[in-house]
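Structure 1 and structure 2 below are the same protein chain in two forms, each given by itself as structure tokens.
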Structure 1
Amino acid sequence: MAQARPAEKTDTRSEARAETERLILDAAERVFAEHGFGGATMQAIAVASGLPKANLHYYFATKETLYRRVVERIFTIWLEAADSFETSASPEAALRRYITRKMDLSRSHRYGSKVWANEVMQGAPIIQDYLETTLRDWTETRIALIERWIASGAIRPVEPRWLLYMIWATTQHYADFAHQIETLNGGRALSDAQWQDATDTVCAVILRGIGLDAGGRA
């Protein structure tokens, strides 16, 4: 089945295609993030990507297809971050790494986080199956892990779910409510130092909150 060698040139083509798709996906992510699925218009995405509207439909048949691809891309990134919650590490290392990674994501992928929030707020019409399979499985292994930590006395007893929700909520808040945070920061985006400090604080409060007397802050 393998073609003789049309590889080189074909790669150039498909590479260009992939690049255009990424351009569109990036623009779509921003527009969907700021207006939700229903509020976003293909015209707005066209303008944001600098392409004519008809071109969008050449790459993505319908608005829903495009939206689906945006959401799937975000979920993939989320999964990568999820891996940083290693089941092998010590409680402190695992949590600190995971929280830090999620804070980084909130800074680098603000729009992705907003699209996710929007999707869930609308009842997850597109990603319900992910929630029920991948996310649920991931969550259950981490719950079991946290329960072992508790049983071994490494951390204080807490319902693991509420702890996970607290981590998700706090870290994602810095992306989803970035506008509010910036307004309360005198209209300026958080500086590198402020991000670092916020990350440290989130780690410190949560770790200490569950009985791990963290080193970090005084």
Structure 2
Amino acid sequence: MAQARPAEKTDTRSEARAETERLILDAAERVFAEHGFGGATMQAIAVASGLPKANLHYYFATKETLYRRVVERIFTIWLEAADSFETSASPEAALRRYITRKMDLSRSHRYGSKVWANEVMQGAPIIQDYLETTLRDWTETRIALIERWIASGAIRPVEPRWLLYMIWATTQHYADFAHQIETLNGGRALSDAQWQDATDTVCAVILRGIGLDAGGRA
């Protein structure tokens, strides 16, 4: 039997490490979402991930380190969703794709969104520096782009901040208040058709509000 080459072994180890980190982060999202930073414990996260606590500390030395990584991951995912601002040819396409992606993330990363919301509602004691740097810088660049759309007559005049806040609040509602939504849906999670209908509705209301064509899908 041929032995694995050193590069192949390295790749295998890297993949295994990445998969273990993903398991830990997924479990940490759930535990932090349910108990907050103060109520969560490394032991509870270890149990949720199915790993020994020692393994958890090997990857993340402290609970705060793990918590910040969870927050950074959900924010990075949100930033990737906003790539449409740079890659779309028109405001209609950019905003439709952004809203659609944010709705998708509220379904697939419900717990990460809740962690972010809980942290901010507590005054962001752990990630205030993140809000004052990364989030502020990102927001300012999007405000500048929206202002250019307005100046060119592409969309109706609107305060860019309020538009962004509306998109965030509306899309993230489906993650942060998922239990309420499911309760009002007869105790059931929204079906694929319901998610699509909700997404189309959010897109239509926001786009029409700033004078864009609400027809079609992203």
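Because the structure is a prediction, the values reported are computed rather than measured. Between two forms, the rigid core is defined as the largest C-alpha subset superposing within 1.5 Å. Quick note, the numbers are simply positions in structure 1, starting from 1.
The form predicted in complex with a further copy of the same chain is represented by structure 1; structure 2 is the other form.
Listed options 53, 79, 25, 137 include one hinge residue for the rigid-part rotation between structure 1 and structure 2, namely 79. Between the two rigid parts, the smaller one rotates 13° against the larger between structure 1 and structure 2, as C-alpha superposition shows. Taking the core as the reference frame, the CA atom of residue 67 shifts 2.4 angstrom between structure 1 and structure 2.
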